[in-house]
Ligand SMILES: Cc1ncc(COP(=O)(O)O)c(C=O)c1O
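Here you get one chain, nothing else, as structure tokens; it is the form predicted alone.
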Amino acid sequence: MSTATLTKTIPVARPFIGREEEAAVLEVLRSGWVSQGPRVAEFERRFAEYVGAAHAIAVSSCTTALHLALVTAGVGPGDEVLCPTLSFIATANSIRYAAAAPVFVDVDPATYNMDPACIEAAITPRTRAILIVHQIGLPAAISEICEIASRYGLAVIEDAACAIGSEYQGRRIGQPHTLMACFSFHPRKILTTGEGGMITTADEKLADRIRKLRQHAMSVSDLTRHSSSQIVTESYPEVGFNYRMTDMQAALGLVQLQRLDDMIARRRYLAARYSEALAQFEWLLPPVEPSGSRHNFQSYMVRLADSAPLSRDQLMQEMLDRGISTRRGIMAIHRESPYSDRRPTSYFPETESVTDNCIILPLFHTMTEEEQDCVIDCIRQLSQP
């Protein structure tokens, strides 16, 4: 199929919102309870069941989830937290919110996740935790990282923003691989509530404290007070935050959760179709899926080899001119102004290479094979001299 037949832009991502989601939100609107309430509680229960966690706590975003996870893990002023510099800036921002300092670690050149071999050199007496990222949905090397963390007495928290439905060693991300895992429901993610996030943990005390902290540290939730037949007066024993999810968002999430396995299956099918078709181009390196990991393909990212006929930015612009949206690969946080002071004299070679040479191709649940063929055909045309 020729790209000349394309009459509208193919987006890099598109959230799937159907009539069921519309009906669920309308039901909440008509109920009169639109803030954090019974739908949020139900969404938490269903989410915990899906990933296999003892506790799930809904919050306003994955960024706020990471902040609460770090705070409840004991991270505070003067502490250092290891994290990959190859990640969305929210990973480092959440560490700063906890008044700690991010210490960046380079990535594995194959998986683009934090390289366990680079971790020990970054540990100092101030290191309190390791914040690992399951980049674009591919699980990081959890076992290796946790083994290192255990030897140094460090907490491990997962930035699982992109990893809903992904699996590591036969278990879904969000089960008790680590102390806590944090998820995102942004529209670019597979399951969306518009904005929103979730924290999962096996620790009941941590879960209880997080539930309070997300609501100004209120000792009794709104739902409990309004459901009580007795007068309930709440207290505020510590400084908390307004990180609540609304029942409108939770209603979306409940419907999306029912679709999740089908959406992931479709994405995996399209990803496999991409990989098969793009294998003809030696200058494009497809994503990998290591043994023991199951990728949800929240995004499909390819890497340009040195032999590529165009630069990364030239390729993106040429595709956009033909009606196909792409995105640059994962950002390097240490290049951004707020974190430029965290870059040592020895920079991060793998991160720099990935950031400069990777491109995210369109992939979404409702993408048709015809649309995907347009993307593939466009790359074929641009690969010709």
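Heads up: residue numbers just count along the shown sequence, starting at 1. Source: prediction; values computed, not measured.
The discussion below concerns the form predicted in complex with the named molecule, not included here.
With the named molecule left out of view, the stretch that reaches within 4.5 Å of it through heavy atoms in the predicted complex is, among 243-251, 86-94, 116-124, 206-214, 86-94. Site annotation in the predicted complex: the residue of I157, A161, V107, V81 reaching within 4.5 Å of the named molecule with a heavy atom is A161. Of the candidates L304, V103, A141, V133, V133 is the one whose heavy atoms come within 4.5 Å of the named molecule in the predicted complex; the others do not.
In the predicted complex, V40 stays away from the named molecule, with no heavy atom inside 4.5 Å. The named molecule in the predicted complex comes within 4.5 Å of a heavy atom belonging to T63. Interface membership of G196, defined by any non-hydrogen atom within 4.5 Å of the named molecule in the predicted complex, is confirmed.
At a distance threshold of 4.5 angstroms between non-hydrogen atoms, S184 is in contact with the named molecule in the predicted complex.
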